[in-house]
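Next up is one chain by itself, shown in structure tokens, the form predicted alone.
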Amino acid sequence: MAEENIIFVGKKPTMNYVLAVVTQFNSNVDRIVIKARGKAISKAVDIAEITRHKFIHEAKYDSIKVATETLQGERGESNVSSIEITLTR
């Protein structure tokens, strides 16, 4: 999968990411992965749902993967939940 088909969710407003997903679909990309960690997971779900219900009605969930990643921080290792939502058209 090409790196440009992956949307990493962070602190920007939800609609910025929705616009990025819609733009990808409109440029003839058939598969997009929305990735998020920690508190951004609920935003990733919102992005997928808004995209499907308001903009790209034919978009479907191809797969949803959840995992726990171990990150090195200033206070040692910590576990962070992550999600990977794959949308296809």
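In case it trips you up, residue 1 is the first one in the sequence shown, and so on. Because the structure is predicted, anything quoted here is derived from the model rather than measured.
Keep in mind that the form predicted in complex with another copy of the chain is not shown, yet the notes after this line are about it.
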Open item on the list: Residue-level contact is defined here as any heavy atom of the residue lying within 4.5 Å of another copy of the chain in the model of the complex; does V66 satisfy this criterion?
Closed with: yes
Task: Exercise: S82 in contact with another copy of the chain in the model of the complex, heavy atom 4.5 Å - done: yes
- [ ] Examine Y61 and determine whether its closest non-hydrogen atom to another copy of the chain in the model of the complex is within 4.5 angstroms.
- [x] yes
Open item on the list: Would you classify K54 as touching another copy of the chain in the model of the complex, given a 4.5 Å non-hydrogen atom cut-off?
Closed with: yes
Task: Residues in 41-64 close to another copy of the chain in the model of the complex, defined by a heavy atom within 4.5 Å, in order - done: I41, S42, V45, D46, E49, H53, K54, Y61, I64
